[in-house]
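Next up is one chain by itself, shown in structure tokens, the form predicted on its own.
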Amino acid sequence: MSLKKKSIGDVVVLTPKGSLIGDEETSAIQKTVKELIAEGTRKVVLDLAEITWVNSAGLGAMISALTSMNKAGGDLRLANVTDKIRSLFLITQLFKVFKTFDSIAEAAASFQSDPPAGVPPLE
């Protein structure tokens, strides 16, 4: 699995490619999110467009990343949730936990209208 990182203003977009099914893949996401928190990033979008499959370890990694961001006063939002992942989220009720968007642009823009806890909205 590869993990690309880019910035849109103060929002960091992480785009993993491949499957989120094992320690190597899931550790990369968790490690990157922790590094971003240490650097002061509080707004992260996880772009799932290039994810082919997610198992319980992958779901756990996403939940862990969200929890880490929330504890730091930030938020992690999901973009481009594929049909396979969408059905998994419906079964597990994770749509109640994650804020999901159809595109990276929508997810990034959502931080302006609904900022993470502890982050004041732009005036």
Partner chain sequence: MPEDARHSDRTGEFESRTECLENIRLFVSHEAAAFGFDAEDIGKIVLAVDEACTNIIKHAYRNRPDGRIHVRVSSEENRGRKGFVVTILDTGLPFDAAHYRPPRRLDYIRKPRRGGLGIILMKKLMDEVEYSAAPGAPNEIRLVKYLRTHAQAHRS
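Residue numbers count along the first chain shown, from 1. The shown structure was predicted, so the numbers you read here are calculated from the model rather than taken from an experiment.
Here the subject shifts to the form predicted in complex with the partner chain, a form of this protein not shown in this document.
Just checking whether residue 88 would be counted as a contact of the partner chain in the model of the complex - the rule being heavy atoms within 4.5 angstroms.
Residue 88: contacts the partner chain in the model of the complex.
With a cut-off of 4.5 Å between heavy atoms, is residue 69 one of the residues that contacts the partner chain in the model of the complex?
No, no contact at 4.5 Å.
Please check if residue 81 has a heavy atom lying within 4.5 Å of any heavy atom of the partner chain in the model of the complex.
No, residue 81 is distant from the partner.
Give a yes/no on whether residue 41 approaches the partner chain to within 4.5 Å in the model of the complex, heavy atoms considered.
No, no contact at 4.5 Å.
What residues, if any, in 96-111 have a non-hydrogen atom within 4.5 angstroms of the partner chain in the model of the complex?
Residues within 4.5 Å: 96, 97.
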